[in-house]
Every structure is written in structure tokens, then in C-alpha cells.
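Presented below, as C-alpha cells, is a lone chain in the form predicted on its own.
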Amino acid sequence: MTSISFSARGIDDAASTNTQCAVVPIFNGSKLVPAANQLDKAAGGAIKRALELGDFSGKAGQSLMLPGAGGAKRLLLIGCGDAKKFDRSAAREFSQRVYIALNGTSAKDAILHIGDLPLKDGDSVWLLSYLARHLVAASYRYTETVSKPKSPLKLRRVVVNISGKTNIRIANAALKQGCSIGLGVNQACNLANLPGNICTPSYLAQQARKLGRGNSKLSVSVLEEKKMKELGMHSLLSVSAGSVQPAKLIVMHYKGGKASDKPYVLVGKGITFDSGGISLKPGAKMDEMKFDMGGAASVLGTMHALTDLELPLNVVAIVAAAENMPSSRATKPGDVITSMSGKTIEVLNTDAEGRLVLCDALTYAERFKPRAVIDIATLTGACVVALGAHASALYANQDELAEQLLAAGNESHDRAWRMPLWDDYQKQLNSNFADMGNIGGPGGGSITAACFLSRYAEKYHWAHLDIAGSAWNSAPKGATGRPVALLTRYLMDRAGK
């Protein structure tokens, strides 16, 4: 995947700097920012005349392309609304409008004169990071299985004029952070968008190994079904039993901290296609079950960002990958299986398979003596009913961990909402024939799924992100790359970045 290079500069005279496109923020009813004034003079007053005509007023969401002036071949005016109300929400709209306007040009480089943007509820570091992340993520194109993919963004280089108001080193670090997160989001999107006949458990293992190749801080190992059977991972293996595709447990070790530092562990659900098994799903929208490895995709995307940023901490990523298919060998409703922990499970519904692969992965995580464990999964349709597409559902057995993840979500605008994990719900998992059932009835489906997982995370601080609503969109169809931004922000915070 191609990317955009970013750099920060302090430019004294916007009109004298050569660029294919000068991007200038314009506020509604306010004086022109210095860069706009300089370019306006070079353009013979063209910016002020455009404002006087009234077709472009600086209202948020507006954009206007003018002929070039000075060293700029194009002048792109972006409306920012009321300067006194320019907050993070307005900055996100500004970033989106910049991308849309630049995407409509053939400009290969641009200068963004944003040093005078008065961000109300943030600072320049946040703005630069978000802007870079958005431009990189928005430039993603799916190309793998189409003969005529959408035209790529022509833009390849962006210079940000910070007007000398921010330290250049700090500004470039912020741009680097945003770019790295954007690339991680794109990695997650690309993996999740691939069809199930390409993105199999073996393919995910190949991609993990590819990421680890040539990186001295990242090592990758893959447990095959034979080893999983020896370890007693019969819950995970019960899901792959009906498929010709072998399950894989992918383990990635990133060692950026001290050897004595306990690692943070990310666990991703990697169901590369979910037919529901014997409890077959309805045919409508079953094609979207290629997205059921969105948790695994987000873990790999986060590891991509993490290695690119070279964060000084230790992280272990575990991806439990399998394909859930019906066949004569498939697990049946009513079957009882034994998980790696020794706890037995009555499989009441083979379509509740994500928790069956995750529970063994959570038990496996114990051996790393983790500081905290976060699992990420497109786990339940009930989560979509509860929260829609805007927020991921967050469950945790420790308040501090929950607050840290919520804060990371708010900071990155990849938000989560904490849900209850009360003991009252646990009894819904009761079974007459095993230690527990794998479903808890129609009420509180996302909660009882989290309760199931909590039984395998009693030995460490643990959080669960149900991303069934946030990991992909149905119209237009495609992966979102969430919650890569949240997870990366969380790890950055732990690393003091």
C-alpha cells in the first residue's frame, strides 16, 4: 500500500513557497489568517473577492479551488466556520474536507498552512497527528481482487506549515504518529476486506510472519492444530473441526521495553469466515461474515503501527484463527467440549464460536504474566443492537484498565462505551451437562458473551472489546479498521508517548 510522506516547516512567506497546492483555512466572518493574506496579495486579491461574492463564506464544510498565485499552482480554500468554535469536531471535518478536495485534483504535493488554527479543545500535536492519520487512512484503496480499482490518490507529499508556533521536532513526531496509525488502520482494513477464500487462517499466519520479517524487535510463532491439541485447546479446535482449513494460533512478541517489563497482551478473534456451523446463519448478508476476523485484523494493524512507532514497551499479540463451517465432522449443538483451562462447555449454538476460540487464547495468555490483556472480537449481533456502529462495547474486570481504554478511545475518536459485567448475568450461562453453556439466552447477549470470557480471565487484568458494530460498514460495504486507533493510543499512553 502506498503512503504519503509528511514533514513540518515554519514558513514565513506562504506566497514564495513552491507547491502544487496551497491549502488555506478560512474562518467565517473573521480576518484572513497570515498565510491567506500573503497568498491573497500574490493573487491580486482573489481570495477576498471570492469571499465578497458570497459563494464561499468560510462556512464549515465548504471548499473552493482558485487558480495559483506566487509559488502555488493551486489555492485551496477550506471553510472552518466560527473561529471561536473551532474544536476537535470541526478539525475532523476540516481534515475530511481537505482530503475530499485534494482527491479531486492531480496534485502530487501540497502545503497545508494550518499553524494559525486556534483549536479550542486540543493542541497542535493532536491536530497534526489526526490530520496525518485521516489523510493516510482516507487514501486507502482496495485493489486485491478487482481488475480496475478506484484511482489512487495522486498526493504523495504533504508539508505542514506550522508558522513557527510549534517545535519542528515535536510537530514531525506528531505527523509520524498519525501516519503510523493510519497505516495500521489500512492494514486492518485490507485484511478484513479480503474474501474468505484468500484470507484463511494460514494467510493470516503468513501476514504476521511478513510483518516480523527483518524486524529484530518482533518475533512470530504459529501453533498448529497438533500442538493445540497437546495443549488441550479443544474449545478452539471444536470450531475448526468442520473446515478443511486448519486453525492457527498466531503469537507475535514485540520487545521494545526492558526484558523484565511485563507485556501488554492483545488477543484477536480471527474467524476468517463464519457460516454459523451446524447452527447455520441466514443467507442474507452471510457474505459479510468474511469480516468476522475484524478483531484479528485490528490486532495485526495495531502491531503494524506499534512496530512503525518503535514504542518502548513489550507487547504480545495472539490471534486465534479458524474457519467455522458445517460438515459431517463439525461440532454439533449439544456437544460438550473441554477448554484448555479444564472447564467444560456445552455448545448450545455453534454460531457462538468466537468465544470458543477466544477462551483458549485467553488461557494461553496466562503464560506471559501480562500486565493487562485486551481481547478484540466481532462477537455478538446483540452489540450492534445495543450500540449501533458508533461505539465499540467495552467490558473489563478492573476499573483503571477500563478508564484507560475509554480515555484512549475519546482521544483518538475511536470511541468505546463501558457495559456492565455484573455477576447477575453469569447465571444465564448455567448448564445441566457442563460447567457452562456457550450462550446465555436472548437477553443481554453481548453481556453474557463477555461473562463467558471473563471466566477465563480471572488471573489478570482484562478487557474485552466487542466490535461487531464498529468493525465494518454494510453500506457502503467495507472494513473500518477500528479499533486500531484506540489500541495504538492506549499503548502510546502506556509508553509515555
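Residues carry their position along the shown sequence, with the first being 1. Bear in mind the structure is a predicted one, so any value in this text is a computation, not a measurement.
One more form of this protein should be noted, the form predicted in complex with a small molecule, which is absent from this view; the next part is about it.
- Which one, 197 to 205, 149 to 157, 374 to 382, 242 to 250, holds residues whose non-hydrogen atoms are within 4.5 Å of the small molecule in the predicted bound form? Looking at the other structure, the answer is 374 to 382.
- Just one of 329, 209, 281, 229 has a heavy atom within 4.5 Å of the small molecule in the predicted bound form. Which one? So the residue touching the small molecule in the predicted bound form, by this definition, is 281.
- Which residue among 167, 349, 215, 221 has a heavy atom within 4.5 angstroms of the small molecule in the predicted bound form? Checked against the cut-off, the match is 349.
- Every residue of 266, 360 and 464 near the small molecule in the predicted bound form, heavy atom within 4.5 Å: Heavy-atom distance to the small molecule in the predicted bound form: none of the three under 4.5 Å.
- Message: Check residue 26 for me: does it contact the small molecule in the predicted bound form (non-hydrogen atoms, 4.5 angstroms)?
- Response: Although the small molecule is absent here, residue 26 would stay clear of it in the predicted bound form, with no heavy atoms inside 4.5 Å.
- Counting only non-hydrogen atoms and a 4.5 angstroms cut-off, does residue 69 reach the small molecule in the predicted bound form? No, residue 69 is distant from the partner.
- Query: Is residue 50 close to the small molecule in the predicted bound form, meaning a heavy atom pair under 4.5 Å apart or at it?
  - Reply: Flag for residue 50 set to no.
- Message: Since only the chain is shown here, I'm wondering whether residue 289 would be in contact with the small molecule in the predicted bound form (any heavy atom pair within 4.5 Å).
- Response: Heavy-atom contact with the small molecule at 4.5 Å: present for residue 289.
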